[in-house]
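Below you will find one chain, with nothing else, as structure tokens; this is the form predicted alone, and questions on how it binds or moves follow later.
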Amino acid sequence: MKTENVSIKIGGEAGYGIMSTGFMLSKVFAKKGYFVLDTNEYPSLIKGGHNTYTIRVGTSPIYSISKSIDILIALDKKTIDIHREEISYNSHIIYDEQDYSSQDIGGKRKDLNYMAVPFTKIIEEVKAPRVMRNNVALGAVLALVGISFDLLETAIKQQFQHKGDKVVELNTRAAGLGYKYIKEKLNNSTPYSLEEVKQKNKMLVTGNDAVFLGAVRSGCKFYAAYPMTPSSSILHSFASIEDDYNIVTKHAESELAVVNMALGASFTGARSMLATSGGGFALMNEGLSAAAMTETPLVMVLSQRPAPATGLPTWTEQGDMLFAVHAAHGEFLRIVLAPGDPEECFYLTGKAFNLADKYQIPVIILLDKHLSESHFSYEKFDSSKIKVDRGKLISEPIKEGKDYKRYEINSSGVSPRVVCGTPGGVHIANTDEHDQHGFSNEDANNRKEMMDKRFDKIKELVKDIDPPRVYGPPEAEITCWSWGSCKGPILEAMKTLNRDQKKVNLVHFNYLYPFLVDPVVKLMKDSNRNVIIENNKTSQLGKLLMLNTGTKINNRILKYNGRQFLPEEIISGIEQL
């Protein structure tokens, strides 16, 4: 049966190879040129607990996973118990015949196809460890969707090559036997045959991957972090290439050290970045203020997870937006960006470095766990679109006799900044209020002049940031207002709603602060009926809109259980308006 898309969920305990299985499956589909989006869910345990990896693959762009599953791969009984009701009508469950009796499995939903596969028996036959049962399942799934086995062989080799030829061989044999078993059982029929696509070989990237790639393309030469889910993989990526790209990567002892190291590196003229989550960002707030007072450029990645305190460390939420906008003490300019997918992560990271340098202020990039860790397929990012602009950075010696003023007051508010060690560029980087040379100065007039100087930057800054982008028909009956990773599920929901004549569009914010009032007010006037969609409890975008425009949007679809929105939930919410 030909189909446009298929949803597959793999479930089991941590240690069963759930993540590697899911990722290899995604790579095979991407290699074939299909559109892929995958996401993982796992508790904050070192071992055990219930883990899942969900993959949605299709012949047209995929913006979100969906509520319904077509194929459930159960590596333990708990997976069936938890997810049985998520499976769409007449779909398939693949499980190990040794783990369950037909009495355990059947009886609750008779419309499903329960496919017992001898995972354990096959593993014993090839004399492989039990953990390789996941590869038997991999082979079985590929047979169900009619993909040739050679692509999986390549993916297994890439995944396990570093563990040696024996491991590659065992995994390949296990997968091959799973593939053969289903082929024979179904007499070579394929229940979920995907249409062929023309474009082959897409890449798979997460939001964290894209931020990392954007930073490297932007000339980032110093990266510091203290590992914290869900930002940790950016540290791993930088560490893996630091020698090849001449980048200093520091796994610091604390978040306080991270922000101060990054500031120090930036002070010397290096482009520097750090990444953390809410708890780490809280500890960095004094450093954030220091960046503002010393006018030192700094790019900070804040990948949100549910809080307060430790909260749900491995789940997703958009609860830190107002924290990022108002973080740290005192009043100062900063920029807060919120990409909605990895492609936006890549280009906005490039923009973040340029804005930080041009205006000598901190720039915060807001991600969340879903965006940080989910894989999306793309053909290629256009790295030529990222142009490096260092702003008023001076690397040439200052002319003898010239009075260099690091904090010079001028019409733009942006003063010339020297690379550390530049002859003639001696100055003080002072976190006390200071004069134009950097010397501490508590005079009332000086305080006012320096505050005005730092805020004068906004006159040019607002010309460099973009208003929210509108997706969908301009004459829509209903306008959704949202930001960050909610973009994908809303776009997916709009496919269905607009097909059924319910005209819906989306106003999506990449730039949250500074807030561009005039274009937003115009969009509000042009819209018919508004609804805010956010992954938090209190509608933080709604508060930001109210604060800046005086308009309150009463219709809200909010989700705050640690899970990403599903398009079906958005459709249901809009239909109830």
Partner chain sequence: MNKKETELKPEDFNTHIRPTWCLGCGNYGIWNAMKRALVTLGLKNHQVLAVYGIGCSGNGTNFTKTYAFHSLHGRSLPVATGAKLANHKLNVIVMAGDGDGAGIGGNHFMHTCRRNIDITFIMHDNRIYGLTTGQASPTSDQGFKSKSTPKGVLEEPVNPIALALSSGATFVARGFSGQVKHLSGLMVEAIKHNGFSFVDVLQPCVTFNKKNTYEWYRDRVYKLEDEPDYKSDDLMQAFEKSQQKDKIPIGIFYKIDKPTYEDGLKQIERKPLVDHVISDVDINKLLNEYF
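The shown structure was predicted, so the numbers you read here are calculated from the model rather than taken from an experiment. Residue numbers count along the first chain shown, from 1.
In what follows, reference is made to the form predicted in complex with the partner chain, a form of this protein that is not presented.
J.: Answer yes if any heavy atom of L204 is within 4.5 Å of a heavy atom of the partner chain in the predicted complex; otherwise answer no.
T.: Looking in the predicted complex, residue contacts with the partner chain include L204, since a heavy atom lies within 4.5 Å.
J.: Under a 4.5 Å heavy atom criterion, is K27 part of the interface with the partner chain in the predicted complex?
T.: Heavy-atom contact with the partner chain at 4.5 Å: present for K27.
J.: Could you confirm whether P473 comes within 4.5 Å of the partner chain in the predicted complex, counting heavy atoms only?
T.: Answer no; every heavy atom of P473 is more than 4.5 Å from the partner chain in the predicted complex.
J.: Please run the contact check for F222 against the partner chain in the predicted complex: heavy atoms, 4.5 angstroms, yes or no?
T.: Contact check for F222: yes, within 4.5 Å of the partner chain in the predicted complex.
J.: Could you work out which of T172, T314, T422, N446 is the residue within 4.5 angstroms of the partner chain in the predicted complex, going by heavy atoms?
T.: Among T172, T314, T422, N446, a heavy atom within 4.5 Å of the partner chain in the predicted complex occurs only for T422.
J.: Sort through K380, K110, K198, H162 and report the residue having a heavy atom within 4.5 Å of the partner chain in the predicted complex.
T.: Contact check passes for K380.
J.: Select, from the options 204-212, 495-503, 299-307, 85-93, the stretch whose residues sit within 4.5 angstroms of the partner chain in the predicted complex by heavy atom distance.
T.: Going through the listed ranges, the match is 204-212.
J.: Let me test this: is every residue among K31, G264 and V418 within 4.5 Å of the partner chain in the predicted complex, going by heavy atom positions?
T.: Affirmative, all three are within 4.5 Å.
J.: If you apply a 4.5 angstroms heavy atom cut-off, which residues in 270-298 are near the partner chain in the predicted complex?
T.: In sequence order, A270, R271, E286, G287, A290, T294, T296 come within 4.5 Å of the partner.
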